[in-house]
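Below sits a lone chain in structure tokens, taken as the form predicted alone.
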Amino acid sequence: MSAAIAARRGAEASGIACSITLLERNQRLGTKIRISGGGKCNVTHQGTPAEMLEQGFLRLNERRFLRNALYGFSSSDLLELLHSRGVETEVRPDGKVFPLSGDASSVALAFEELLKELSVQLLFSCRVRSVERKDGLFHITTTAETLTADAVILATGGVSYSATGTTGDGLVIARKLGHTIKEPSAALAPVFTLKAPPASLSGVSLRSAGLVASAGGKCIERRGDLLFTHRGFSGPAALSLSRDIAELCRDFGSASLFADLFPEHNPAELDHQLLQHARKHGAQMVRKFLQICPIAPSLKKGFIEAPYGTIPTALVPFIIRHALLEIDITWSTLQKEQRQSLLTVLKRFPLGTVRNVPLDQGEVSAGGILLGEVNPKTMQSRVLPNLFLCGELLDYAGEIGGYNLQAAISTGWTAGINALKKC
């Protein structure tokens, strides 16, 4: 995107003779694009820039940093570009946008054809070894030659999926040029526990549950679908919270995970509803109640409606066991202490302990170049003039749903326009 917009604006402007070269470590462009979204490429998310920022970037400093870029080149602008290149798209009910063909390669090919039309020089299998600033010029040493440039854009991505070539080259270069690097960590990753969940729960989904990570007196929660796997947990809630879990593990050595089956109820509210149910249905076994009880019910509707289904039957024996209840206990014989124990398990069902979130398992990586060292209006380095930085190389990470790819393209667009001005 950086190369394309710089070339296009350069061609449109009179009196600017600017040569643009893209150095690609791999043998073809867009390797990571081609595997994104399971090979279908969730290219962006439907919505205005304001909606993208609010829904896709939960940390305020990252939201503020990306504001100019996402307003400068929005999801609508990206879709217009793709449509003009013959890549039709579809919007799914959850707002995710994919190529209509279901083929991620169509997005990569559209950009490659655009670059060729704009006469951008493409150098493949060209790994950059170093970048130095001397006598007002950048000297870029590659595996084959040394190039010089008035301006350089680093757009090497993060460090997830290292098999695609994202092994942190850009972070090494940026550090040598004077930038501060926050240690990369996984984001949008599955979470593996020290002890795997019971085999009988593998594949079980908790819809719209709360996922809680706790360590050192700090608790972080995310709500969404949670999927038990043979090694731990996946699903939107786990992917969204994985970045925070990784940071808790880094800071405190490990983190404890819990599921909140009643995220709209605080303990007092849930206790009140359990008491009311016990008074009306004293002869009912608690186990039977749990098997038909809505999961994540509305606070106003209580146990009446089940918009997200019921508590999975496979989970019920484990709830009973963790609450230290007899399997056939009824509401009428349930003592206060036992009810409090059940309530605790329903609000904090133990999922296990996490020591680390594997970096290479993340769809993206967090960490990278500190945002305070980059001008968000231009993507120019505040450390070294004429150096521009964009994409996942920077210390931000969005939610699942196309937000990260959009942010990469938007910051790339901003960097390209402003780097051209340095030619």
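Residue indices: 1-based, along the sequence shown. What you are looking at is a predicted structure, and each value in this text was computed from that prediction instead of being measured.
The form predicted together with a small molecule exists for this protein as well; it is not shown, and the discussion that follows is about that form.
Enquirer: Tell me, which of K288, R133, R127, K182 has a heavy atom within 4.5 angstroms of the small molecule in the predicted complex?
Expert: Going through each option in turn, the one that passes is R127.
Enquirer: Of S240, S106, T156, S75, which one comes within 4.5 Å of the small molecule in the predicted complex, counting heavy atoms only?
Expert: Selected residue: T156.
Enquirer: Are any of the heavy atoms in I35 no more than 4.5 Å from a heavy atom of the small molecule in the predicted complex?
Expert: The answer is yes: I35 has a heavy atom within 4.5 Å of the small molecule.
Enquirer: Please determine whether G362 contacts the small molecule in the predicted complex, using a 4.5 Å cut-off between heavy atoms.
Expert: G362 belongs to the contact set for the small molecule.
Enquirer: Counting only non-hydrogen atoms and a 4.5 angstroms cut-off, does D271 reach the small molecule in the predicted complex?
Expert: D271 lies outside the contact set for the small molecule.
Enquirer: L405 versus the small molecule, in the predicted complex: is there a non-hydrogen atom within 4.5 Å?
Expert: Close contact exists here: in the predicted complex, L405 approaches the small molecule to within 4.5 Å, heavy atoms only.
Enquirer: At 4.5 Å between heavy atoms, only one of the stretches 66-74, 351-359, 367-375, 36-44 reaches the small molecule in the predicted complex; which one is it?
Expert: Single hit among the candidates: 36-44.
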